[in-house]
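Consider the single chain below, provided in structure tokens and representing the form predicted on its own.
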Amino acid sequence: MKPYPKYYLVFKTFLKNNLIGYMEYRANFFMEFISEIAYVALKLVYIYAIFKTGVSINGNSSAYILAIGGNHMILTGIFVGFFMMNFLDLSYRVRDGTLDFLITKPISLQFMISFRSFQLGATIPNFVIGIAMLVIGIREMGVEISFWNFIMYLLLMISSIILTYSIFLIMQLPTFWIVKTDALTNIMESIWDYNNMPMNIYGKRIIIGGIFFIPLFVISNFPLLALTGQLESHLMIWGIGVSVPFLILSRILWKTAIKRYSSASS
């Protein structure tokens, strides 16, 4: 337990340094904010069109599609703001040898790689608009949210964040073998967008694979299903527990991958 306060202080320092950088270079923050607003607006176009027409897609009401789009946007804000740039930065550090400077630090290298940079300008639009969409969608559905369902929603959201971190870190680890992972990054972004719609619009085999093999559908579908009281108990247990083995797997694969690193500057 002794290292945990140290990691908290390091995380706090990373966050503070990013905030200082934003205050010093305000234009960067506003450009990041505006570009993310534009990206969110493009995603809203087809979700809004579905909501206004009131069409049902494979049994999913337009209000439910709006709500799951909002939940996906909340998670996107967390993913883009806290993880994505750090994962993308890993390839560059391996390529130019600057990973050396982090290896010498008296703290976990995985921790340094994972939480060194933040994109708060990208987090805010996704988070605010996502919450608004979720609330409007739930209200239009006419669903009463119980305290138990809300607690399960929060637990599944935490599990979803851990899953997001684990899966997409694993997808970046081939950089230690092939160095350039631009293609993997494009695949990562495409896979992430799979969660923008209800999982039951896909085929049965894809749904099973997206729940039990590579649990991408757990990330944004399960929390909303739990919130609206539609998630079965065994799936709720799976959704909360599956993040643990994936986090362990990401740690094991990280240790294996880092052994392949040879400094570009040596």
Partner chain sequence: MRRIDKYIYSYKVGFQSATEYRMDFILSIFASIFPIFVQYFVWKAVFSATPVYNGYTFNSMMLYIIVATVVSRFVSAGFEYEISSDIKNGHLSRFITMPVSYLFFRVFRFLGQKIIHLVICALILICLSFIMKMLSFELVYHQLFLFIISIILALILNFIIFYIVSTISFWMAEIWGVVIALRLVINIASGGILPIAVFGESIASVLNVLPFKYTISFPLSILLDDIPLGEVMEGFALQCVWIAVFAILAKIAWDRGMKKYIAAGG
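Positions refer to the first chain, counted from 1. Just so it is clear, the structure is predicted and the values come from calculations on it, not from any experiment.
Form predicted in complex with the partner chain: not shown, discussed below.
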Contact test, all of Asn28, Thr53 and Ile57, partner the partner chain in the model of the complex, heavy atom 4.5 Å: yes
Proximity of Ile211 to the partner chain in the model of the complex, heavy atoms at 4.5 Å: no
Close approach of Thr104 to the partner chain in the model of the complex, 4.5 Å, heavy atom: no
4.5 Å heavy atom contact, Ile158 to the partner chain in the model of the complex: no
is_contact(Ile237, the partner chain) in the model of the complex, heavy atom dist at most 4.5 Å: no
Interface stretch in the model of the complex with the partner chain - options 218-226, 237-245, 36-44, 66-74, non-hydrogen atom within 4.5 Å: 36-44
Contacting member of Val135, Val128, Ile187, Ile145, with respect to the partner chain in the model of the complex [4.5 Å, heavy atom]: Ile187
Option touching the partner chain, based on a heavy atom within 4.5 Å in the model of the complex, out of Tyr194, Tyr153, Phe176, Phe115: Tyr194
